[in-house]
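Alright, two takes on the same chain below, each alone as structure tokens: structure 1 and structure 2.
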Structure 1
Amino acid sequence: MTTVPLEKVRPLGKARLSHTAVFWIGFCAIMALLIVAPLVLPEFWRRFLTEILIWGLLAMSSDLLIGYTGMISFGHSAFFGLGMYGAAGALIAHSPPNLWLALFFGLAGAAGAALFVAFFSTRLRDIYFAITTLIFSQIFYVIIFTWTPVTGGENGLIFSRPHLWLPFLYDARFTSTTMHWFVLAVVAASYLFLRRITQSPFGMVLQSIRENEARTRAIGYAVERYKMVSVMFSGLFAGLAGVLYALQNQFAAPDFVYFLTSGDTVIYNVMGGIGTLVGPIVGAGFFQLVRDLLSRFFGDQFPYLIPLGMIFIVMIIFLPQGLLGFARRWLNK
């Protein structure tokens, strides 16, 4: 039996420690920039950055399924929309509007929808799972669009924004700056939670399902249960993104429940980098920024979605691992 000298083992521990240190240094630096950003940005770009964080949270929730479990979902528009409508209903029904009730009902609506969808769809695989989630999202869209007395139908719901209320600590109206900080805190906490999930034994099983579902089942894992929990976690954070979007814009509309929102979410993942959590946030920011710039440049005289689609095709061909994957390769070189 061969032995490894102790002096050759110690550097591995140092390398792991340095990797963790680099992550936290980078995380704190990015957080510091995002905290300071609303203090120096104009009003439009301040709100724009906040919305990027919200769309990034939606994309990150989808990445738990696409990147880590290997299941492409076109149903995230339903979770996002039900989170939005759950928050809107709570804010309209309760006077004065309460932030935490909005969060609770929004998350409850998204979680209930995720459980319903997961129960039926996780029995299927590959394209059949994707089609099933698409069908369920369209069912929820039709219900919301036609149930006018409750959802407002085509016009949606408009409501007053609640105060930012922290028990015994803070109670004041939201401003664009405090809204940005609130969204940033929620997105950062969600990222750390999802990162912990993906690095846990549960996350390892999800990645095993992605790589070889049959072998994972043969080992003895209850694959359907793991997939159901994955869909529920994913839908819960998608609903949280919907709640934040409702608070930011003070309205809920059926357009956000339409399957195009799910399609955009998949695009965010592909553009940023699947299976990274951070990549989808980068992809959401890149997509929103390019779309805004192209719409300003071309105006209404030219369909700006055509050049946007061409950019997406070029990225798929030349940057198959997304922007984050390209950055990693460049840094390694």
Structure 2
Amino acid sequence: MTTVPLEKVRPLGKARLSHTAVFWIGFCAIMALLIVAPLVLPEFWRRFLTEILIWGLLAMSSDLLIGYTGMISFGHSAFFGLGMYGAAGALIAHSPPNLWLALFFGLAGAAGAALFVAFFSTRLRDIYFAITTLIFSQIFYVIIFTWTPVTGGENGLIFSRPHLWLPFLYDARFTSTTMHWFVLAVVAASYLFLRRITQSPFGMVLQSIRENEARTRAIGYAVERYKMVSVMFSGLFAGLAGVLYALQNQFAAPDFVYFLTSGDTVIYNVMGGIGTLVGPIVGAGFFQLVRDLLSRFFGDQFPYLIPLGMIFIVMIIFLPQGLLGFARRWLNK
């Protein structure tokens, strides 16, 4: 091959900013906006933004499966819920409540669920995978819903928030502003980590499974093992979102383990644009914003999911790439 790399052809004097530079400048600009946001926004919108980030993290974790490995999970509520209940358990059992213990137990809970789901569901492909993940999440729902002595059953668990404790550095109560920053830090770090995963050789194998599973297997990759690891990663980050949600709202309820949470996660992904990692956050924001506007205009009783469902179907038919689909290649470069 004698073709000259494109960069060398382009005259150096007129060099545009490289892709990496543009990406990082954009990343820092958005981060700066999100860091400043809680200082200027009123309380309601501050919490709103924090929740969008948490839902965005959940959707982003599921994007690793939908967008990169090509498997639609309808069971992310299980990971989210186990993260939530794991954190709740640690916060209730240990006094005074410890932030890092909650994080650890939340992640351990989600990892357990993910191990279980990964082991069984990755034997199946496409729709079969989607259905079995859905059914597995219902197993966890039934267990949490009926095991009242431990999980509080229908009423869920209520607990107090731990201090934001950074060893040797900082120890204070969470305010809604520091909560926002904490969530933002976790979500941003998760984004960078997931982006690193998808661009690593491991991520390349995942994408090749999405494109052509049979050929990937023929090349010699142990497809099942890759799928399992990707489900595990995805479940861990979904559990992280669950821990954050528990910290934010100080309760854990079986409703969040119910299938509708998984459904919302898939909707965020499709609306924002699968295979982009940031798209799902945008999708979550769009969904929550439309929902909030609808209930502002038409009252709390308005069945906001009817118009949102219609928007969702129209987007599947006419805009299957989602809101950020146009930037997909650029974001993954």
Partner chain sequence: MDALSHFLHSVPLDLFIIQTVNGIVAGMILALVASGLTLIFGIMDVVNFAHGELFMLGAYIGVVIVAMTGSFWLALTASALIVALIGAGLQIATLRPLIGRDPLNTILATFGVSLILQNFALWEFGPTVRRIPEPLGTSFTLFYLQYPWYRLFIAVLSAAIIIGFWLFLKHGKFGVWIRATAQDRIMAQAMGIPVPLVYTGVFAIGAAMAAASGVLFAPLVGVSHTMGLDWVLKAFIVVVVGGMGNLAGSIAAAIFISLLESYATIWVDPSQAVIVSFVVLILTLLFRPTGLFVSTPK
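Numbering runs along the sequence of structure 1, starting at 1. Quick caveat, the model's predicted, so the values are computed rather than measured. We call the rigid core whatever largest set of C-alpha positions still superposes within 1.5 Å between the two forms.
The second of the two standalone chains is derived from the form predicted in complex with its partner chain. When the rigid core is held fixed, the Cα atom of residue 25 travels less than 2 angstroms between structures 1 and 2. Superposed on the rigid core, the forms differ at residue 326: its CA is offset by 4.6 Å between structures 1 and 2.
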